[in-house]
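Before any questions on how it binds or moves, here is one chain, the form predicted on its own, in structure tokens.
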């Protein structure tokens, strides 16, 4: 049985010093509080917590670790950049080098603007769209970060922001049509997390693009989570639908902060005078990391590895649950899978995730997972063996509790 006493002690100390004890999405409370709260190092597909427990990580730091913790190629590029300098008064040629690389890969990228963090990028896209269209209203679908427009009903958000922001249902063209028709000519942009859950139906994204175009509303794919996993050109490459704007971040820098808005030339040129500048936009640790990460993914065909390993995990978990007679199955798609338990099986799911953690597997119970080339065959095989053992133990636990 794992000990997480050091993590728990650190969190008690943090509650007196950090707002809420730390970032909201990283606070304890999952799986009856049995998951670790503090990590101290990572390597490959694993991290170690403050109590010395190793975990094979299927959350990948909520997505940024595309090629694994402590990747030597990426870290060497970053260390070399540290020696040259990480930020200057003026531009650096590597900003242009990365822009050229991404313009070659991403269908919607003729030009780009650098940001820090996914929330910064999505908010930058909204500002650009408002400036270009002269409209104020925003449509949204999915998770787009913490800024006011993306959390219109949250604490501390002025009501006027919520009045300008409308959420619509995913994979539901009628929901989008009704929203657009309710305020004709008023929506600047539809911010859409392009891949959610199982992914969209075949006609959805093309239908979204047509509807937005007919209303003069720009379409922006939020690919902060999906970018560089499904394809190096993003989910839009897989779907064959090119939006007007897109946002990227997370996996691009393999743990180093870099984010951006990309778009078609005719739109981005109109936004040249929009004030989206900040001191750390385009900071060179992130840019150097992004160049190394994308080139490594190209050289190793990393996207194909992600699809293969994700499918192996999903198929294997389905077999494990079927053999155990449990109503649970893999959901999502191979680069971003999850495990869904049937109705009324919440206690069993909690017990399963606790037992997998005891076997050094970090499955996030609520968030979709992320697959990396660092998840080798050996790691996937061990994960499936541990999961089979964990579900048997979870069944025994829940049976005894009844």
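In this text the structure is predicted, and so the values were computed from the model without any measurement. Residue numbers count along the first chain shown, from 1.
Just so you know, the form predicted in complex with a small molecule exists too; it's not on screen, but the next bit is about it.
request  = Identify, from the list 219, 126, 224, 289, the residue with a heavy atom within 4.5 Å of the small molecule in the predicted complex.
outcome  = Looking at the other structure, the residue within range turns out to be 224.
task = Consider the chain as shown here, without its partner, and state which of 316, 207, 117, 162 has a heavy atom within 4.5 Å of the small molecule in the predicted complex.
result = So the residue touching the small molecule in the predicted complex, by this definition, is 117.
query = Can any non-hydrogen atom of residue 293 be found within 4.5 angstroms of the small molecule in the predicted complex?
reply = Outside the cut-off, so no.
query = Applying a 4.5 Å heavy atom distance criterion, does residue 250 contact the small molecule in the predicted complex?
reply = Yes, residue 250 sits close enough to the small molecule in the predicted complex that at least one of its heavy atoms falls within 4.5 Å.
Distance check, residue 145 to the small molecule in the predicted complex, heavy atom within 4.5 Å = So residue 145 counts as contacting the small molecule.
ask   = Is residue 193 close enough to the small molecule in the predicted complex to count, meaning some heavy atom within 4.5 Å?
value = Residue 193 belongs to the contact set for the small molecule.
ask   = Looking at 96-104, 117-125, 180-188, 163-171, which lies within 4.5 angstroms of the small molecule in the predicted complex, counting heavy atoms?
value = Correct option: 117-125.
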